[in-house]
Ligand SMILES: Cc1cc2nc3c(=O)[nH]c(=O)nc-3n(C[C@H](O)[C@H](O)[C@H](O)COP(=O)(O)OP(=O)(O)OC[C@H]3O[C@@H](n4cnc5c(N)ncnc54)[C@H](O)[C@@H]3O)c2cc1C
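Read the single chain below, which is given as structure tokens and is the form predicted on its own.
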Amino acid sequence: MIDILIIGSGGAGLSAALKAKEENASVLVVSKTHTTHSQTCQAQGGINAVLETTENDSIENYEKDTYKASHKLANKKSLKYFCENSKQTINWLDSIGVPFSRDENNNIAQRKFGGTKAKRTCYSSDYTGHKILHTLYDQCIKNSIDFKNEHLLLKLLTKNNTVTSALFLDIKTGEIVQIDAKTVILATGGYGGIYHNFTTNSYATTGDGIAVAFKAGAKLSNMEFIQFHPTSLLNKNILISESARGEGGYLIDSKGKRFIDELKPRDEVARAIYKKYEEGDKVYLDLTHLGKEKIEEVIPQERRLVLDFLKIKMEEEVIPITPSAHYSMGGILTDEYAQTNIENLFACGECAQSGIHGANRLGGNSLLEIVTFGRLAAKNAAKKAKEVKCEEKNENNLETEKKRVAKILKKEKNEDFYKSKNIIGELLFNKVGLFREKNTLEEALKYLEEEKNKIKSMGIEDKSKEYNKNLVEYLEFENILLLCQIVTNCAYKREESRGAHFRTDFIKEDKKFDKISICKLENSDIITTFEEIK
């Protein structure tokens, strides 16, 4: 039996794997896709830290900025650890070979992001996530860490509220596989992908780990807080990073007028842009004044994306943009040790609600979170693994899951889940999007319940076992539908406006909701409550 099973191979999973190796734990990383295909590689802008060379800044300022952005929902204890360790995290990444951009004195260069008082975002041009991910993977190979790719998580097995194993669909062979471990770390990414066709997330980002953990008894928290990124390419949903505004880009309407401070927090900027569209206007990102030489130096990837997908040279023309669902602040609730409410089950990265972002995330904080809390989760999982006694392998659940998947393969297709997935993505964007209200949320909940009842009529056309993408996407759809219900339910219960959650029928922040939302599964029902921040 291995010491630590890590599910997910993005920045959080790979950081955890390297730390587990440092702790002399045996480790296996299992992921749905291939290792370098995670959402981390799409993080363009940068990673925050207060370094020795950061000007006019301090750990205290960093904590204050992040807590302010969280709208009082960050956990101060976790936030302190996060900010205090930022320098150490960047130095570690630098030491293992992440090619950070440098200033004229050869110090790690930093740029200013929205909602901050200082230039504290370290970067590698606009390939920061990509460079971090590939460097971590190189180090994993160097340290002989074992991987299993193309395995979809189906179920977490628990005994006496303690995780013992995980079941996966081996996508390549169609077999159901059980992996036993002393401890499990979930690093499976967020759930922004449930806004299908209205998100910057990849199609593979379907929140599987969060849905599976919920069904196993894990508490979810703050699921109503979805960050809509202000600038994605119009009709393409391709991210143009905050680095474009951080380097001096303007937001203008169709008359060429600037209408908001581009470096306000993302929730405010995204809502201002969305309002322009509601008024029948359009919004553009203007970088023409920067010139090609600077653009090529600081945001070359963004220039290439705009040229490839819109045939626009950003040094010559303005870029049509729109907000898209981008990041999920909620997730599996973890404590200051990255531990969930299930014994020996840890979570880190975007699938976790680690108490950092609260109601709104500052740009540059997600990359720092995945590395910092990935390593923290591994450190504590390795410590826990030493206390765990090996038990006999329980294969009853394996047989049950084999029968469930076999039954899905035999189902007739009377309803098309792909069609439902498209409709639900649009429904969420319009009714559980940047602006929400009681009536639209009730309509969404009603529709989602009807879709849940239709699942028994939804089948798949491809009956083959090997590489059955149709089966994988059906299983993902079940997770998407569950998470849509949870998100909408939480948005309905939080009767106030706070950060990324804006209710037009409750437009002010309400002190009685200075609490985190909690979702639990009880007798097949989704139960939402609110708890004080511990």
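Throughout, we count residues from 1 along the sequence that is shown. If you're wondering where the values come from, they're calculated on a predicted model, not measured in any experiment.
Same protein, other form: the form predicted together with the ligand, not shown, and the subject of what follows.
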Counting only non-hydrogen atoms, the one stretch of 145 to 153, 269 to 277, 217 to 225, 282 to 290 within 4.5 angstroms of the ligand in the model of the complex is 145 to 153
In the model of the complex, which of the listed residues (Ile321, Leu73, Leu239, Leu448) lies with a heavy atom within 4.5 Å of the ligand?
-> Leu239
Applying a 4.5 Å heavy atom distance criterion, does Gln39 contact the ligand in the model of the complex?
-> yes
Is there any non-hydrogen atom of Ala12 lying within 4.5 Å of the ligand in the model of the complex?
-> yes
Report whether the minimum heavy atom distance between Val30 and the ligand in the model of the complex is within 4.5 Å.
-> yes
Partner contact for Ala43 in the model of the complex: the ligand, 4.5 angstroms, heavy atom | yes
Using heavy atoms only and a 4.5 Å cut-off, decide whether all three of Gly193, Phe417 and Leu471 touch the ligand in the model of the complex.
-> no
Can you name the residues of 181 to 214 that have a heavy atom within 4.5 Å of the ligand in the model of the complex?
-> Ala187, Thr188, Gly189, Thr200, Asn201, Asp208
